[in-house]
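Only one chain is given next, in structure tokens, and it is the form predicted on its own.
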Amino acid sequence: MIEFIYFGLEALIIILLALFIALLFNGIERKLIARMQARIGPPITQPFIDVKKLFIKENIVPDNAIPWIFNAMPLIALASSLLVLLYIPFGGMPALLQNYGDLILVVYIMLIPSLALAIGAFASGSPYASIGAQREIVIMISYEFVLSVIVIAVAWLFSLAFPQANAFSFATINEHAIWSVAGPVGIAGLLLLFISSLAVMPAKIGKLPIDIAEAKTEIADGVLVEYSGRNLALLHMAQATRMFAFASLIVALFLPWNLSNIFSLSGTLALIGDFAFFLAKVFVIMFVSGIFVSAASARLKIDQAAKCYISFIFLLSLIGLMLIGLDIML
């Protein structure tokens, strides 16, 4: 019973901390994008203000909606986004649920927010939301091929380097940097996979140039058009958390180094240093793949985005996988 209470407290702390960091990063993101576009932009605390304001506003359910599905999907989207963070190690700290799941499970869980968003949009009864939901599903199908190749490549390398360990376990991935188990050709393949994962991020989090499911100027916010009040606040929190979670996943896979190993730190100093270094790496990933691209790019058409992921990005990840296979044979 005591262990269960401790487990619940740890999970609650991680969830609250993740929500705070995700919304804070979202505020920094909006400020940086504004500055890059020669605007002043909102204050960094704007996401917190928006969420607080939405929670006290009326939660409107459309007449044509299926109420229980419409109201449940935002909560499912947020819960699944937060659940991912319980499987990913933060810096030198092991993941809370690392013994209860692996990389494959995390990839599946990360599908849930997109599916929940699409299902909620379909349940709203709005034609604009339905168009946005269709676009969300098309994009989701497009980039999942790339993520599958990345997972296969990572597991393949670790299964050969550490045959006794679980190749899909985050404990194995966090303990050994993937770059250290590959040769020169394999490193080139890993670099292509890393670039592919960065290319997937705008679609995974619904940012420009892949914010096609919302497209405010085309379909009036698309999947979010009928949401308001508490439900819209939950969806905003889910989107910010999903961005932080996916960036954390990229860091865990491709950038697992810790300051404690580099500078021989120990104790509390090592814990703080590794956590701060982890957040810095996450922010760099978010800036390169999310913030900079969003500020510099225009929205793609749905067919352009789908073709980009199914053809070019998928081909890039396949070449990375083949280079890893060649490296293994050599």
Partner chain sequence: MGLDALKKSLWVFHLNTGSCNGCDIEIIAALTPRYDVERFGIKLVGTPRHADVLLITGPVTRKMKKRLLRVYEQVPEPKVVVVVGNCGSTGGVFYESYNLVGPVDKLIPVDVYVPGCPPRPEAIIAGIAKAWEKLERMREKNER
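Numbering follows the first chain given and starts at 1. These figures come from a predicted structure and were not determined experimentally.
Omitted from view is the form predicted in complex with its partner chain, to which the following refers.
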* To do: Mind telling me which stretch in 286 to 294, 269 to 277, 299 to 307, 56 to 64 gets its heavy atoms within 4.5 Å of its partner chain in the predicted complex?
  => 56 to 64
* **Contact label in the predicted complex: residue 49 to its partner chain, heavy atom within 4.5 Å** => yes
* Asked: Would residue 227 show up as a contact with its partner chain in the predicted complex if we use heavy atoms at 4.5 Å?
  -> yes
* Asked: Heavy atom to heavy atom, is residue 232 within 4.5 Å of its partner chain in the predicted complex?
  -> yes
* Can any non-hydrogen atom of residue 281 be found within 4.5 angstroms of its partner chain in the predicted complex? -> no
* Stretch 9 to 43 - residues with a heavy atom within 4.5 Å of its partner chain in the predicted complex -> 30, 37, 38, 39, 40, 41, 42, 43
